[in-house]
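A single chain, nothing else alongside it, follows as structure tokens in the form predicted alone.
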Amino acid sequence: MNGPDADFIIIGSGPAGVSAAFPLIAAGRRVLMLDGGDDAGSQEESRSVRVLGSNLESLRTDDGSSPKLQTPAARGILEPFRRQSGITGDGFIPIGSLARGGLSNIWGAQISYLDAEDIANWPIDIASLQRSYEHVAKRIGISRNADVAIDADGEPVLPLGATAAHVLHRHQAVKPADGSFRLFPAVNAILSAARPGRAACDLRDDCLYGCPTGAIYNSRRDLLLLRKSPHFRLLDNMQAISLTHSSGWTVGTADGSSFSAPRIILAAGVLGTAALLADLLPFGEQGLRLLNSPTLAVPLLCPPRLLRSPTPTHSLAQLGLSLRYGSGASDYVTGAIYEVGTLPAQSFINRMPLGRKAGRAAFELIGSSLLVGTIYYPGDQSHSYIRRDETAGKRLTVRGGFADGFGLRDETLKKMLRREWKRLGLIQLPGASLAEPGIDAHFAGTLPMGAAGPFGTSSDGELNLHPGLYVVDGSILPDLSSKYVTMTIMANADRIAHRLAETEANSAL
């Protein structure tokens, strides 16, 4: 009889999967990672091909989603998931990736940290999460935007774009009366100083769709390090489709292969993990709760920057913001402000009430003075559920919506935002839009830590009633604040893997 293939099988090579792998192999555990994709892609393609497509298809296609998600590069990553995952949406756009590196191939790289208040309902302490934040930050490299020369922590800083710097100075000069609105330089997972195998940001605003020099973090970069370890093995094109348990766990893949280990770690993303567990969970009539962050996009004009030339900077978030707009715990949003002059123009031209030619001319005239703000609500303002489609076998449907009373909260928020834009000297342009649930891709809360019953997990991510089956992606976050969540998913995966490395003995191989 053959023995297990590894001590741990990790399913998924995205930010959660690689963050779980490092502590385990450092402790000498044998890790087998299965990934549904491979490393084939467009890394060597020019910016124009990645943004516009080899036959300019992005100029003809506009599905109403964010500019980040409708480029050819993004569609090449997302469409295989839509075809192969068996997950459809009803008032919800399911977003996931089977490509190596998962959704880190298209993420915005914005970094946010949760505090003790944010995790008050979690069965862990803030100190353990903070230690893992530090582990991850040290590994991936993060840099702060600034309009000053030296960051408070001594890390090299990246210059703000001139329009963002103007707005920040205005905020500092004319502060809000009640302190409910904060505006600050954004923090991004992008290098300001070179590392082995990765160059520093060259300020060519070419990073949002995958930096060719590696300045922006992508978990595929971590795989290069992991594969140097004799304890780590990666198998590509292995889409996991089933989990069975007897004396240990066995993973079945789409090509008919199977792999076994005493412990399985699910890092396939919230939707992918739910699909894998479809046969193990009693979904019921209502289905499985899914948290997502309702997302508002707001175009803004900065008149003092009209007709000015853009300054060299990157195309990630320039500024971060937060706003408390009511007395309720959920009346709190965070967000980011981007300089539009560094983003592909076509998505904005398509939304102008002008013809394409006139829109192009108008954009060229005002592009350097345009900003776009993205505002995220906390996850409890969503009302989404994953259900089994009983008429189509194992297929899943995500039914999306908003919480009761969300419309009134949205109007209150918009009113306060208009007040702040005016204070900052910004003009809000027509075209503000609330994204269809799913577009934000901030998913969490399906299998929360500390919850009882078949949908809960332990503080170490072990699924209730299924010993040896662990979850480390966003599924296990008990709630979803309005803060950008990827860094926390990575830190929590790191925390759990350290716990497993400490408590789980090597299997007798």
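Position 1 is the first residue in the sequence shown; the rest follow in order. The model shown is predicted, which means the values in this text are computed figures rather than measured ones.
Although it is not shown, the form predicted in complex with a small molecule is what the next lines describe.
Of the candidate stretches 120 to 128, 92 to 100, 284 to 292, 422 to 430, only 92 to 100 contains residues with a heavy atom within 4.5 Å of the small molecule in the predicted complex. Contact annotation for residue 372: none of its heavy atoms lies within 4.5 Å of the small molecule in the predicted complex.
With a 4.5 Å cutoff on heavy atoms, residue 442 counts as touching the small molecule in the predicted complex.
At the 4.5 Å threshold, heavy atoms of residue 489 reach the small molecule in the predicted complex. Heavy atoms of residue 267 reach within 4.5 Å of the small molecule in the predicted complex, making it an interface residue. When you look in the predicted complex, the only residue of 27, 451, 69, 469 with a non-hydrogen atom within 4.5 Å of the small molecule is 69. 34 is the sole member of 31, 34, 463, 477 with a non-hydrogen atom within 4.5 Å of the small molecule in the predicted complex.
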